[in-house]
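For reference, the chain that follows is the form predicted alone, supplied as structure tokens.
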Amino acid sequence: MSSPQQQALRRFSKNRASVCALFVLLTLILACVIGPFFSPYTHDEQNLNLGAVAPNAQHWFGTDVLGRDLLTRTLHGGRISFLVGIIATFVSLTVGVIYGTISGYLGGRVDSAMMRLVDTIYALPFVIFVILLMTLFGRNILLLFAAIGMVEWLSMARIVRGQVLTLKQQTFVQAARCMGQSTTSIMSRHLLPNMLGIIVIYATLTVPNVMLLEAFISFLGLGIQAPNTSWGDLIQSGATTLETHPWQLFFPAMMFSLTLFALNFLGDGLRDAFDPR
């Protein structure tokens, strides 16, 4: 008899839209990771005499106003955007899962106090909170990862808490308590494995949210510092030259949109696979 994970994998493989989305996502990641190594240009190489030119045989995505190759900059920006999405999501899930598991399992006054803290933080405007951190401590890329992750963990904490409140009433958890297993052991060996599906699903849905938040911050001019760039930063630059040089907006926006669509289709497929109901 196959395990639940194997059954979920089979259900996922039958979802053509999600499989295609996974293929598109992996292709985009691979292109961003290795693509700049094969480019004859660097992401910060300027050619002021060339200036902004439309897509041609030498510059497939054209160039920006400083004569920098837009294809290379788009692929390099993809690295930053994917890093923000993955690392900030990891921070978000780590904090949210631990916080939600402790709150739901301990229950009572501890749960009430921990959830009131979540409600209080929820009331704060997330974007303003991130912008304030970036303004106070500088536009450090590692700080950007941490800042976005620290404002995205609240939903995960609530989801995990709800799952734990249900699971801790199950027979296998009560049996573990009767056998004298510690709280830490019950959480790590019994609760977390049974929440893996919902955690994976939420992770795939958090990545596009995080990337959108980074893009918005970069669009405001508070994101990645030059000469580095991200898709949000490129979109912000392209928006200012839309009427005269539309390709500077079109290509980064196209790559960003493809990534968001792929991540959302992938999340839908994983949701259906882990929860066939």
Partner chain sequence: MLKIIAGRILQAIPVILAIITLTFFMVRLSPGDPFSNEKISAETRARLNAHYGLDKPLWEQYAHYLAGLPFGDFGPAITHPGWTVGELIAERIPVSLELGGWALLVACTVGILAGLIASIKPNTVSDWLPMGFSMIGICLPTFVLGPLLVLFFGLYLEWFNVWGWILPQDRILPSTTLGLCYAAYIARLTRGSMVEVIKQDYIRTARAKGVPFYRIFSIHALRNALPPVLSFLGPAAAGLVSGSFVIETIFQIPGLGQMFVESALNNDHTILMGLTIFYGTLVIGFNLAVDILLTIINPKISNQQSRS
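For clarity, every value in this text was computed on a predicted model and none was experimentally measured. Residue numbers count along the first chain shown, from 1.
There is another form of this protein, the form predicted together with its partner chain, and it is not shown here; the text below is about that form.
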{"query": "Interface segment, criterion being heavy atoms within 4.5 Å of its partner chain in the predicted complex, picked from 192-200, 175-183, 79-87, 159-167", "finding": "159-167"}
{"query": "Any non-hydrogen atom of residue 32 within 4.5 angstroms of its partner chain in the predicted complex", "finding": "no"}
{"query": "is_contact(residue 132, its partner chain) in the predicted complex, heavy atom dist at most 4.5 Å", "finding": "yes"}
{"query": "Its partner chain contact at residue 239 in the predicted complex, heavy atom, 4.5 Å", "finding": "yes"}
{"query": "Close approach of residue 124 to its partner chain in the predicted complex, 4.5 Å, heavy atom", "finding": "yes"}
{"query": "Residues from 202-220 in contact with its partner chain (non-hydrogen atom within 4.5 Å) in the predicted complex", "finding": "205, 209, 212, 215, 216, 219, 220"}
